[in-house]
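Alright, two takes on the same chain below, each alone as structure tokens: structure 1 and structure 2.
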Structure 1
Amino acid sequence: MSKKIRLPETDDGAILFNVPFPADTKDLKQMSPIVIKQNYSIDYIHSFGQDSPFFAGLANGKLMGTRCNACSYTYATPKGHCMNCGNETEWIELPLQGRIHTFTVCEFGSEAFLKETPFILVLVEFDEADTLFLSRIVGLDPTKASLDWVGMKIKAQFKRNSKFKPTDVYFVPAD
């Protein structure tokens, strides 16, 4: 008789013990399904494409917008082409100070922000831009929201370790 050959076994993956199995194979169709919880991970390669200068700016403490080459319309949230005339835009550096145009207190948020609710989102108005910029503001108490905040001078701050996300920049009240 030949020697029994076995493959090596490891502890990784799903290991199930005492898996129910009917005594009669005729009963297999009535068997409950086996459910396994399994971790899944994938590396996702993402390109920022034409928005790369915006995220590179955030990583370097700069807020980048765009300006139309033809009509000079300026976008605080960058656009590759002008929404007014359709011409190409160019990158510009925005000021790091602006004003609260309007705000909202967010009582609920996605999973990434659950621990931080309630938080405040602001639309930032810049003297040099024709559009507004959506961001968070910290340093104000969301339970004491006031229309007195509209027009308040605020300044940009950047996370020390950039995650290449729009949340790398946030605003605080200016001194």
Structure 2
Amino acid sequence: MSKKIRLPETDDGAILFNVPFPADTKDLKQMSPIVIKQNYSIDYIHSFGQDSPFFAGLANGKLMGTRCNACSYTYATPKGHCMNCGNETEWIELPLQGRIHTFTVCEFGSEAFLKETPFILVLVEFDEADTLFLSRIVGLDPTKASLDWVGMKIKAQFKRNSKFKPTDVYFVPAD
């Protein structure tokens, strides 16, 4: 495959106030499509609901999971009720050390995160939990991605200024 050379383009459009109109209406089908650009943005009010204490934990340098009192299944990403038996879970403090269960280096991303690329996503496993936790890791060279990273010991660090998002915690290699 040969690569095309192109001038970079944006998707900006021009403001158009009127268009020519044919004298004969038979020609109208040729006048399609008219494409316009519309802004589409919203401020959305999101409640973390029963998961809120997790975010309070991050603001205080704690990683909070939940545990089912009935079957003791332990969630590294909190769930208010147990997926196995349906009982309400209790909050527990997770250790700040875990291992990389899997990872990827995102060279591209959704528009909201494009400017942060490349970033490394990890699913973290903990000895003390039955489920995993999605986070980012820093301190690894994104150009050196390798299966050797799987199983690596890592530790949690917290942002000083909480934004009340799951990215208030991130991981770094433990050694």
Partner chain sequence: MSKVYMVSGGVSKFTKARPDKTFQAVVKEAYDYMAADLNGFDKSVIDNTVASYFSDHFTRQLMAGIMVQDYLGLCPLASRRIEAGGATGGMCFQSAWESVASGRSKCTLAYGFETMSHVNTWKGNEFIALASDVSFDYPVGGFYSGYYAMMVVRHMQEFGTTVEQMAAVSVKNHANALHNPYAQHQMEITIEDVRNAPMVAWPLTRLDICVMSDGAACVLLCDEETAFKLSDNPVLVSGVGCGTDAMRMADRPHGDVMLLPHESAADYKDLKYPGIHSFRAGRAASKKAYEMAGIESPREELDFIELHDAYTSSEIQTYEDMGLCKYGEGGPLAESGAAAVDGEIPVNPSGGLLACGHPVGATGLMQAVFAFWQLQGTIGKHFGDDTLQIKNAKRGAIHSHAGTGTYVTVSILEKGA
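Definition used throughout: the rigid core is the maximal C-alpha set that superposes within 1.5 Å between two forms. Numbers given to residues start at 1 and step along the sequence of structure 1. Small disclaimer: the values here were computed from a predicted structure and weren't measured.
The chain as displayed in structure 1 is taken from the form predicted alone. For D27, the Cα coordinates differ by 2 angstroms or more between structures 1 and 2 after the core has been superposed. In the core-aligned comparison between structures 1 and 2, the Cα atom of S47 sits 3.0 Å away from its counterpart.
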